[in-house]
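Only one chain comes next, encoded as structure tokens, the form predicted alone.
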Amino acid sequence: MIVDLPSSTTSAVNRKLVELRESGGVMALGRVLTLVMVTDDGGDAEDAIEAANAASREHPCRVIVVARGARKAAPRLDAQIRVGGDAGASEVIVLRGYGPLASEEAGAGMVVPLLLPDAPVVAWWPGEAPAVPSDDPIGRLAQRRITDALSSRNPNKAFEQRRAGHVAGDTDLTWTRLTHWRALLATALDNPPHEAVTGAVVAGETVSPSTDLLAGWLAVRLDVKVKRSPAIDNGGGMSSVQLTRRSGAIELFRPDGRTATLRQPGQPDRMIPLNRRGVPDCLAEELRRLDPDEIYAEALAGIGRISRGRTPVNLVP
């Protein structure tokens, strides 16, 4: 069910929520957090709402969408409430502010009366994000702040801003996309022979913050020299990791962006499904934890320890 509230106020939105709860049985009980999504009004906002709805099936929550409209317009707030089948396992409140109400400060002011009491707040910027999310008015309301450098117009610039302005509670979906890569590498190192890794090469697209993060993570966790190299056409994103050991290298490579091969000395090659992760999957993972991600912070710091290679790496089955 979708209820439109044109030229509205946050008080009117709250009253409508109570009315829906009392008359239609729509309940806000059991919501574990408030997810505040900040975006510009447009088609991309609907894609982000669908991703939030999908994630809410694992984490029932109240989703507040701050969809900033035209700043050169008369001040107006158009609100919308979505519940039931149109909201997944959440209740979605869309706030479209125009004119002065499209500013960051006004957005935070509209959000505060609608936050669930005694529940954590997570802020998410599915597109362009502030240079320092923790300094943003909405970011200051949140325990966790989720960005996605890859969805910015300039991913490298956005990622460097994440590194420079990082504080505890920040995370980026470029890191979450690496979870399966990190799990596979950790599992491979758990198997015999238990030899020290003496070096590593990580390859991926030239513009791939995830590749930089994986290289930084390996540099910190293994305390070895790591080279970050470009990759020959690989289907996008991360391409390959090579960990050097005395008995031979561990190689994990994904030439097509869908299926990876794990190669280890003395063992047959293993084919492993390793599709590029979608936003709903990554968002759901980030909502599982509300404490600071210390390993992500270490990976960001580790990027300063990696070297850059110019020769493309091409591992093939």
Partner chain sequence: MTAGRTTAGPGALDWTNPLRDPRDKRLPRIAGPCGLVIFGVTGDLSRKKLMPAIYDLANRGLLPPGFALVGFARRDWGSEDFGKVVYEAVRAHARTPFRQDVWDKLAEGFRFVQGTFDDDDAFDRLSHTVRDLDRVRGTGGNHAFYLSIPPAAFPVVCKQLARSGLSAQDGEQWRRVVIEKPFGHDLKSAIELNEIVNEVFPEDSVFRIDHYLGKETVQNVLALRFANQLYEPIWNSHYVDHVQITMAEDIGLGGRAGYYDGIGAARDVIQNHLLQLLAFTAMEEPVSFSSDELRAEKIKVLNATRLVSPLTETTARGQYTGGWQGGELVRGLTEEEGYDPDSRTETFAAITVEVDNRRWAGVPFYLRTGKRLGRRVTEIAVIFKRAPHLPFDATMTEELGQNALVVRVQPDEGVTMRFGSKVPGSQMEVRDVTMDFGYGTAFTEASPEAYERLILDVLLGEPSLFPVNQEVERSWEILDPVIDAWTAADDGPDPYAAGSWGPESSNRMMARTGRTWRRP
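Residue numbers count along the first chain shown, from 1. Predicted model only: the values in this text are computed from it and were never measured.
In what follows, reference is made to the form predicted in complex with the partner chain, a form of this protein that is not presented.
Novice: Would you say all of D148, R246 and A249 touch the partner chain in the model of the complex, counting a heavy atom within 4.5 Å as a touch?
Specialist: Heavy-atom distance to the partner chain in the model of the complex: none of the three under 4.5 Å.
Novice: Is E285 near the partner chain? Define near as a heavy atom within 4.5 Å, in the model of the complex.
Specialist: The answer is yes: E285 has a heavy atom within 4.5 Å of the partner chain.
Novice: Does D41 reach the partner chain in the model of the complex, with heavy atoms at most 4.5 Å apart?
Specialist: The answer is no: D41 has no heavy atom within 4.5 Å of the partner chain.
Novice: In the model of the complex, does T206 come within 4.5 Å of the partner chain, counting heavy atoms only?
Specialist: Close contact is absent here: in the model of the complex, T206 is far from the partner chain, nothing within 4.5 Å, heavy atoms only.
Novice: Flag P60 as yes or no: does it have a non-hydrogen atom within 4.5 angstroms of any non-hydrogen atom of the partner chain in the model of the complex?
Specialist: Yes, contact at 4.5 Å.
Novice: Go through 151-159, 171-179, 119-127, 134-142 and give me the stretch that gets within 4.5 Å of the partner chain in the model of the complex, heavy atoms only.
Specialist: Within 4.5 Å of the partner lies stretch 171-179.
Novice: For 62-82: residues with a non-hydrogen atom within 4.5 angstroms of the partner chain in the model of the complex?
Specialist: Contacts from 62-82: none.
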